[in-house]
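Next up: just one chain, as structure tokens, the form predicted alone.
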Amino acid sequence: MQYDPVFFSRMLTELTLSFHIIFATIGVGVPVMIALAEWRGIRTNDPHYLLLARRWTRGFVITVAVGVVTGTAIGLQLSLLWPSFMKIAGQAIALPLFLETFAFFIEAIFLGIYLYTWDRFKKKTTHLLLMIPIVIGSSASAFFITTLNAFMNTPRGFTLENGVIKNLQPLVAMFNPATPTKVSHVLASSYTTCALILAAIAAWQLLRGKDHVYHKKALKLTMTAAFVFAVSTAAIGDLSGKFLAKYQPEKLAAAEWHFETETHAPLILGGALDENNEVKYGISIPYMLSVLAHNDPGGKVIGLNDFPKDEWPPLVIHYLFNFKIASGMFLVLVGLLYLFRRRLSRTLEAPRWLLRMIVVAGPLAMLTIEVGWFFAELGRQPWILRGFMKVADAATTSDHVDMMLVLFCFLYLLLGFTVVRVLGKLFRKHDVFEEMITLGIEKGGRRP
């Protein structure tokens, strides 16, 4: 295979982002769940919820450390792999990059204080208040980084004259048209995913026969939060469709294999394209694409044929878009089933078939996050800065990017293996039942 620095730069960036997004999602969502657990424990004077918050915090600290490493790698790769992009856009995105670092410092400082001050305050609410800047810092960090990605999709706040950026307005660049929907979708989906991952852990313990009220309460808290966040994510996804119709119509058209501009446009699910771009074996839902784009069955949806073919996004994003829709519906359904079942039975018990669905929902939610980012990035192609610079013009021309790709593959494998081992050892060493005995929550005796 002939060496192509653009190809290998894209592969290395995709690898880093795919690995980092796991820890970034956990870094944004888990603090919210910790805060909810501790708040619930204080409000109801229930030590099980307080123990949930304590144990979740231990695992969270480890994932934060890995997130810092991979986040640093992304910053380095932006400069090393995409120098032409940074030459033009670097000034515009400097403000959110600086603010993201500041937000992380706030999160890290208060996380250290929070971790080492359990049972140090007479009023339990004082310790809970320390979680507020952690939640704000982690979510603000996601906000600032996501505005950078939003800027790449709808660049604003500057003019480009002979390859030189002028008339820079940093706040306009940061608060571009893509910012509201992208930021809200990232935050809501991160909260949903973390709630479901924690719910999957509790459901797995119950399936293994650890029939203790601690795990049942964990499931109740996480599934209630997951349902609320999942519904919010779905609603924001609908707004994202309307954003695409207005600002990135070629991306929406590619996602739905919509080639001709028309009103009353149908939504296509599944299927395959032939050599003439005719959809076969797909499921067509009349008027739904017009509804998605404009809330109007008669709304006009621009087709791909209105754009130059060299500016079409990859048509494979149709399947990514379909996966997101199907997965989102499943996650909402699982939350709804759990809440409906609990309301009917008025107990914390859940049938095994539902526990199995919850166990599946956790990894599926994280996979949906990954697919969502692939959809977002592939859907912007061939642009790195939409309307100003294409990916092929932004990459480095240096040698040995392929060697860097191999080295980073080994690094991420090592980091992933280490995280799994450390987390596993941490929670095996600190068995929950033994910890409940130590804290006086349970008396000694046979384990549940």
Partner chain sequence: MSYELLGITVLWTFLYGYLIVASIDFGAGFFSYYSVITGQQNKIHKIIQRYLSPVWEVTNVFLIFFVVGIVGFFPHTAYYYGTALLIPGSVAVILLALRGSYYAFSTYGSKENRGYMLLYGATGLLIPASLSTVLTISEGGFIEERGGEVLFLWPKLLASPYSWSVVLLAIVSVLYISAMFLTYYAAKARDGNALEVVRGYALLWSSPTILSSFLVFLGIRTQNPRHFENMLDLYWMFVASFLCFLIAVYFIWKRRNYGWAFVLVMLQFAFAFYGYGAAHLPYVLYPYINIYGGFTNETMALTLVIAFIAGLLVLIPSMWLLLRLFLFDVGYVQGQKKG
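Residue numbers count along the first chain shown, from 1. Computed from a prediction, not measured in an experiment: that's the story for all the values here.
The protein also exists as the form predicted in complex with its partner chain; that form is not presented, and the subsequent description refers to it.
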**Among the candidates Phe323, Phe110, Trp373, Phe259, the residue which, in the model of the complex, approaches its partner chain to within 4.5 Å (heavy atoms)** = Phe110
**Request:** Identify, from the list Val213, Met329, Ala94, Leu336, the residue with a heavy atom within 4.5 Å of its partner chain in the model of the complex.
**Result:** Ala94
**Request:** Find out whether any non-hydrogen atom of Gly303 is located within 4.5 angstroms of its partner chain in the model of the complex, and reply yes or no.
**Result:** no
**Message:** Residue-level contact is defined here as any heavy atom of the residue lying within 4.5 Å of its partner chain in the model of the complex; does Phe340 satisfy this criterion?
**Reply:** no
**Asked** So, in the model of the complex, is Lys429 in contact with its partner chain at a 4.5 angstroms heavy atom limit?
**Response** yes
**Request:** Considering only heavy atoms, tell me if Pro170 and its partner chain come within 4.5 Å of each other in the model of the complex.
**Result:** yes
**Prompt:** Does its partner chain come within 4.5 Å of a heavy atom in each of Val30, Val360 and Leu367 in the model of the complex?
**Reply:** no
**Asked** Can you say which of 404 to 412, 44 to 52, 383 to 391, 30 to 38 gets within 4.5 Å of its partner chain in the model of the complex, counting heavy atoms only?
**Response** 404 to 412
**Asked** What residues of 234 to 262, in sequence order, lie within 4.5 Å of its partner chain in the model of the complex by heavy atom?
**Response** none
